[in-house]
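Only one chain is shown below, in structure tokens, and it's the form predicted alone.
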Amino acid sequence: MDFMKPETVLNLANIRDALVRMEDTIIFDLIERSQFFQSPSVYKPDVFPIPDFQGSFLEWSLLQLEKAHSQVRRYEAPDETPFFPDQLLKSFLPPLNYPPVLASYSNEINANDEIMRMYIHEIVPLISAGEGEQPENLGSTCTADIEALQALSRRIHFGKFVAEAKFRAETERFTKLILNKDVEGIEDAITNSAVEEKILLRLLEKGQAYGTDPTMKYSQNPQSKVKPEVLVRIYKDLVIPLTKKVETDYLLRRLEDEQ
């Protein structure tokens, strides 16, 4: 997949390969986060006296990272979606003129607020090593959170590329659905239950392989860092539905560019 060559980006086989690689990143990031306690103070606003900032430690840390990365063009890339799009800084590097792949409004499709809520309230309790605080690990916890959030965001927003590829492959079908504002019909059209089952099965197998101490692999009591069933649940109940929402929101506006 080469973002300078749109035909490679909208190739469904290439998209599928990219999504498979993202699974690995997400699994390892969740495993890294699983060594720490829930540490709710990381997510509560105004717990720490951060100068000139109102919000949580996680939000402040993520904002600083996005500001730095925006200066080296990270968020000019079509597959990157910032959590704080209105607070990015101008890059000092020369701009990259990516050829258009997605619709002109694609940057407006941003599910990061929902991803943040989902991560804090549903994923963190599932994967943390324990409840309560770990004052000595607040920075490490926050760093692991940011890596997991960015990986989840990239994977979920890749739904825009999936949606564009599907629209171009079945333009007439999707045009009718969009004109009729048929949300249920669009959701049915983008759903492939067989593919979803393969994803979940693959996640189960990867979780068993990546999340287990290899020295105890054949023990009667293997020590799994994140239970494979939890990884499957996160994808089935959270990641896949939110990806579909991104796809649907993108497709509902797809005729704007045609007009």
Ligand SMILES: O=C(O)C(=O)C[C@]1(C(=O)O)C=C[C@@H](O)C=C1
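Please read all numbers here as calculations on a predicted model, not as lab measurements. Residue numbers here begin at 1 and follow the sequence given.
We do not show the form predicted in complex with the named molecule, though everything after this point is about it.
Site annotation in the predicted complex: the residue of 115, 103, 142, 162 reaching within 4.5 Å of the named molecule with a heavy atom is 162. Checked against the named molecule in the predicted complex, the candidates 201, 195, 209, 68 yield a single residue with a heavy atom inside 4.5 Å, and that residue is 195. Taken together, the three residues 166, 191 and 247 all lie with some non-hydrogen atom within 4.5 angstroms of the named molecule in the predicted complex.
By the criterion of a heavy atom within 4.5 Å, residue 236 is excluded from the residues contacting the named molecule in the predicted complex. The named molecule in the predicted complex is approached by residue 240, whose closest heavy atom lies within 4.5 angstroms of it. Residue 155 belongs to the set of residues with a heavy atom inside 4.5 Å of the named molecule in the predicted complex. Residues within 4.5 angstroms of the named molecule in the predicted complex, judged by any non-hydrogen atom, belong to 183-191 and to none of the other stretches in 134-142, 86-94, 183-191, 105-113.
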